[in-house]
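In the block that follows, a single chain appears as structure tokens, in the form predicted alone.
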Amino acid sequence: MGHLILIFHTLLSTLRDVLPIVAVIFVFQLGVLRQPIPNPKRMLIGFGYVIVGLALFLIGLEEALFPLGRLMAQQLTAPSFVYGAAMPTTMVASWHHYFWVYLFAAAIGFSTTVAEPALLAVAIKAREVSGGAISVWGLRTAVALGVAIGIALGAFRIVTGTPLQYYIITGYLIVIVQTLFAPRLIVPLAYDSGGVTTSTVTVPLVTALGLGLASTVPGRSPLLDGFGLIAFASLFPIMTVLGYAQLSQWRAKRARRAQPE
């Protein structure tokens, strides 16, 4: 009975959130463009699917993904796991004691990004527009590596308690320098690649991981330290995609020089 009540309330909440979007579309279609709604029955069915899908997705976040991320963070930072049999009397851990936390953060960042539907859609379109010059798996791997590095570094920041702005400012300075030397055609795609990583699959698990770490690492605040991983997940893919393009450009130039005259 409790699950039915939860589903009902989530459906109502989702319907309330989606209605403004529907209102904007109808106002512009009928009032501004003065055109009839194309396929109104099909559109209503589609909005119904959207509402049900979003409601089920939100329930899944609350019931599974958020608890799973918090649980993994708690288990990986538990003193009995961090220290093992040599657990000291004073629970003051150094950053290198959390090796498995960084490895898990990198693995979860890579795997969730590869499974991200938004990234797959962008990679397919990039391949079509570039005539096959940009491969789907090449772009997805470059973005996933960026997210993996970013989430691992973000976990290191939470463990050490260092200020977030130092990492972000330094990262964007590196991006600016890379932009000056990267092929012009890849720059807009690289910047977009940083945005598509923060979507339906990656955000819930990464957010839960950050909050779980900040709640269990001694001396950390969930509000001050638990957030910010999404910023890493958006920034570092830009670096890796630009680096991937620069590496491809360098290899192509090297291959041309190696060809006989």
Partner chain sequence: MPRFLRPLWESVRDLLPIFLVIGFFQLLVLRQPLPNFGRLVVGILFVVAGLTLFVRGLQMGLFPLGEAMAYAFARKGSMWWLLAFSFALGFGTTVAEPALVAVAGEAAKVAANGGVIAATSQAQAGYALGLRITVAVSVGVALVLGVIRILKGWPVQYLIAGGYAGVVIMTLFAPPQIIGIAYDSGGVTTSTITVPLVAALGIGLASSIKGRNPMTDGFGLIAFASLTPMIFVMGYGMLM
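Just so we're clear, the structure is a prediction, and the values are computed from it rather than from any experiment. Positions refer to the first chain, counted from 1.
Below, we turn to the form predicted together with the partner chain, even though it does not appear here.
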Practice task
Give a yes/no on whether Phe104 approaches the partner chain to within 4.5 Å in the model of the complex, heavy atoms considered.
Solution key: yes
Problem - is_contact(Gly161, the partner chain) in the model of the complex, heavy atom dist at most 4.5 Å - result: no
Exercise for the section: May I ask you to check whether Pro218 falls inside a 4.5 Å heavy atom distance of the partner chain in the model of the complex? Expected result: no
Exercise for the section: Spell out, yes or no, whether the shortest heavy atom distance between Leu76 and the partner chain in the model of the complex is within 4.5 Å. Expected result: yes
Handout entry: Partner contacts for 164-188, taking the partner chain in the model of the complex and a 4.5 Å heavy atom cut-off
Key = Leu164, Gln165, Ile168, Ile169, Tyr172, Val175, Ile176, Thr179, Arg184, Leu185, Val187, Pro188
Problem - Cα-Cα shift for Val50 and Leu120, closer or farther in the model of the complex, minimum 3 Å - result: closer
Problem - Closer or farther: C-alpha pair Ile25/Ala121 in the model of the complex, relative to this form, given a change of 3 Å or more - result: closer
